[in-house]
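One chain comes next, on its own, written out as structure tokens in the form predicted on its own.
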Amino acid sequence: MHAWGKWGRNFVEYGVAAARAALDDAGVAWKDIEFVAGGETVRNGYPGFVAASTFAQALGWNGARVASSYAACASGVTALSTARAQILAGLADVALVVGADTTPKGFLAPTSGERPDDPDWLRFRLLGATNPTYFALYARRRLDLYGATTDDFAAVKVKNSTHGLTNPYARYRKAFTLDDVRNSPVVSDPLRLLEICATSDGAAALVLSTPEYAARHGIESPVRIRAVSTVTPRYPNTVIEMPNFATDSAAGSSAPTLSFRDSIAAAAYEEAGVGPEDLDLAEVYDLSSALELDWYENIGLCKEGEAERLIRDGETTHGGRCVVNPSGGLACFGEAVPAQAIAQVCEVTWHLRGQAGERQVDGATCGLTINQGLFGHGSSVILTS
């Protein structure tokens, strides 16, 4: 990775730094990379739209094939999936996956221009529904449906701030108390400032290869990608997902067995042949502290409405059943959109290798990452040692 923060530099610098670190870690020369997958960043002009070739040029043209992917916050795993498919198809033995971003100050805003047929433009301009508005609607849903309390949300922030204290790549490395969270300003009721992730600069990169290629480079027991899920919702989608501001009607067609978020992890479990009971750690998409509780249920750590019990009982921190966001999560990193799903895979990999330092999950052999992107992009990866 390149450390998260507000550095004010070109996103390419971050991506190149992360790429070179990944190549060094793998013991692979850049000239030997056969395929480059880049996560796009639409806020950084044309170079951001063609991210894979941008990074390939910055590293020095080597003739590799390239592909760039945009799936909002799921962009990194879409890029990873593309590289993995090239390898599984026998078109490449080794690939590089890179995502990097430079973000403007403040919450993410729509790109410029008048686009009344664009749902994302409409939700900002017509409804004034910034991202924290959506996060707060989901938080209110938990309060109303499951009896969650605002202290449950605050407890998630406290946990993640503790996890991220020793993470050298995290932007925020400070332990917060419940009172710190309670006393921070309300941004979108019921969520407070410390419960909403920031926007950040940052980068992450991975080297993927066949097992045979890894063995030739002296890696006898590599971390393996067991599954990649990039599913979309099924009709009718009865839970609001950004950027939409209405659900599908279930009057003429019954709702699917699994909600969209449930289906993301379910597809990964099915492909990997494992279940939530096998997880030692999970990196989940905590855009808000309240949203992390939803993910506990979506990845099967508990039944619907039981997430609060897990956070209250300490089941998602060290010594508990499954450590969630040992990196500190977006609470400590902030959003660097095309990099964050890749960063989740980096974090799980370090734990499976036993290289996570003071935040190490003891004996970790199986981990999951999960997030989602605008317009129904699923994103989940299961890795094992």
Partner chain sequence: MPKERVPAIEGWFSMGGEPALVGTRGKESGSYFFPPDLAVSRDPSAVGEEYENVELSRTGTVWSYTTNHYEPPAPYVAPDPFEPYTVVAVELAREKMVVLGQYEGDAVADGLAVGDEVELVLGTLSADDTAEYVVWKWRKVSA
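Numbering follows the first chain given and starts at 1. Values in this document were obtained by computation on a predicted structure and should not be read as measured data.
The form predicted in complex with its partner chain exists for this protein as well; it is not shown, and the discussion that follows is about that form.
Q: Select from the listed residues 187, 310, 258, 198 the one whose heavy atoms reach within 4.5 Å of its partner chain in the predicted complex.
A: It is 187.
(Q) Within 4.5 Å, heavy atoms only, which of 218, 90, 168, 128 is in contact with its partner chain in the predicted complex? (A) Flagged contact: 128.
Q.
Does any part of residue 212 reach within 4.5 Å of its partner chain in the predicted complex? Heavy atoms only, please.
A. No.
Q. Does its partner chain get within 4.5 angstroms of any non-hydrogen atom of residue 150 in the predicted complex?
A. Residue 150 lies outside the contact set for its partner chain.
(Q) Check residue 174 for me: does it contact its partner chain in the predicted complex (non-hydrogen atoms, 4.5 angstroms)? (A) Contact check for residue 174: no, nothing within 4.5 Å of its partner chain in the predicted complex.
Q. Given that the partner is absent here, does residue 178 sit within 4.5 Å of its partner chain in the predicted complex, heavy atoms only?
A. Result no; residue 178 lies far from its partner chain in the predicted complex.
Q. With the partner absent here, would 27, 30 and 350 each sit within 4.5 Å of its partner chain in the predicted complex, counting heavy atoms only?
A. Heavy-atom distance to its partner chain in the predicted complex: none of the three under 4.5 Å.
(Q) Using a 4.5 Å heavy atom cut-off, which of 96-104, 295-303, 234-242, 273-281 contacts its partner chain in the predicted complex? (A) Partner-contacting stretch among the options: 234-242.
Q. Which residues from 119-139 come close to its partner chain in the predicted complex, meaning a heavy atom within 4.5 Å?
A. The stretch touches the partner through 121, 122, 124, 125, 126, 127, 128, 130, 133, 134, 136, 137, 138.
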